[in-house]
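Form predicted alone, single chain, as structure tokens, below.
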Amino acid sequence: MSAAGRAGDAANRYGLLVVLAGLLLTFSLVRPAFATYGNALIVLQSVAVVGVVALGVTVSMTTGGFDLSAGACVGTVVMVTALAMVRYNLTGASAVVAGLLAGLLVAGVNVLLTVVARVPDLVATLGTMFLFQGLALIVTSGQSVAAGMTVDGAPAPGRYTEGFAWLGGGTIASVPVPVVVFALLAVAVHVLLGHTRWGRALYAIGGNAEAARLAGIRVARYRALGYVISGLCAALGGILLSARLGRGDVGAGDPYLLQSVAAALIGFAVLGTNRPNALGTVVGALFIGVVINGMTMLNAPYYAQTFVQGALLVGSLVMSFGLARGGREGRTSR
């Protein structure tokens, strides 16, 4: 193999990891408090919800889909869980069930549009995004939901329960609950995609849906499964976010679409997989968390953080995909 080919392969496999290691080293040297156990937990907790949502988006991507409704699903679930406890005085367990059902509703609409009506995924999920963003605003009259709010001229009868709030602020062996949920879900998705026949079928559909159909794979069923898992993961992320906020804020889920999609796409560049995968998505989520946390500790203005984050992401992807492509072309020319 030529030197260009070896360099391309190395960049494809390890480029993003090298950039991440460089960021960790730089932030640690400039701000020693960055390299502490406490700050590591802060980073992990800050990316837990993004990671949970991104893992669902990753599964939908394996079939060639693209779930743009994930952020709207998170926001809808935040409002649904808040309404369940604050306005209707239901238990935390009932709020969790209501949130998961809301996620399944979003997934059901996506399945109807993409699988049944055969609307292109990007267009269908974009429509679903606007639909449920608007629905959440209509149900709450565009207002946030919090304990003590006025409902029909009287204070709301309920509040967030302690058990539900524990999901967002509690710990298990000093590790925040959202981080534990993120880790367990990452393992589950990794096993599903990499070590089961369902995962192989999902990847086969994403590679060539017609060939998968001819091989006997029920393409429609597996594509529906991908969106159901994505909807449930977004719902789980919404439940964790609602528990952390302690209220239902309008637009709470809006930032999670771009961040979760970015984490899933960055995952393509980890270890040269060049396809959706759970390990890559976890690394992508951590990459985003490290950049945001490091920039915050450097007191960078909020309006500069988005630009720096985007520049680093673009640079990392160019390093991974661009150099790898150059290496493959070098080998082909030989």
Partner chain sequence: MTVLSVSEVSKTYGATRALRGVSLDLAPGEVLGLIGANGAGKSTLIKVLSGATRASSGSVRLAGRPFEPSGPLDAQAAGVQTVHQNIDDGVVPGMTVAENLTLDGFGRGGSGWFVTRGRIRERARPVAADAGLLADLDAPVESLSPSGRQRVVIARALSRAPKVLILDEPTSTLSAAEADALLPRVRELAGDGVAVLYVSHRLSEIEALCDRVVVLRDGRARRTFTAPVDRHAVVAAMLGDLVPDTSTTGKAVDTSESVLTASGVTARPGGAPFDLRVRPGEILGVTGLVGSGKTELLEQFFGARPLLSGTLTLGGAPYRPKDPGAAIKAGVALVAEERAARAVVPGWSLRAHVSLPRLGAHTVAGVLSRRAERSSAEEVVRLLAVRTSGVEAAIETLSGGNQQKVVVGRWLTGSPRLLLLDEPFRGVDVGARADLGRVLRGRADGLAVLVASSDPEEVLELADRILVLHEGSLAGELRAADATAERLTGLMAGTPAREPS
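This one's a predicted model, so the numbers in the text were calculated from it and none came from an experiment. Residue numbers count along the first chain shown, from 1.
Keep in mind the form predicted together with the partner chain is missing from the figure; the text below concerns it.
Colleague: Quick one: which of 105 to 113, 90 to 98, 210 to 218, 254 to 262 gets within 4.5 Å of the partner chain in the predicted complex, going by heavy atoms?
Modeller: Residues of 210 to 218 come within 4.5 Å of the partner.
Colleague: Answer yes if any heavy atom of residue 203 is within 4.5 Å of a heavy atom of the partner chain in the predicted complex; otherwise answer no.
Modeller: Flag for residue 203 set to yes.
Colleague: Does the 4.5 Å heavy atom contact test between residue 194 and the partner chain in the predicted complex come out positive?
Modeller: Yes, residue 194 sits close enough to the partner chain in the predicted complex that at least one of its heavy atoms falls within 4.5 Å.
Colleague: So in the predicted complex, does residue 198 come within 4.5 Å of the partner chain, heavy atom to heavy atom?
Modeller: Judged by the heavy-atom cut-off of 4.5 Å, residue 198 is in contact with the partner chain in the predicted complex.
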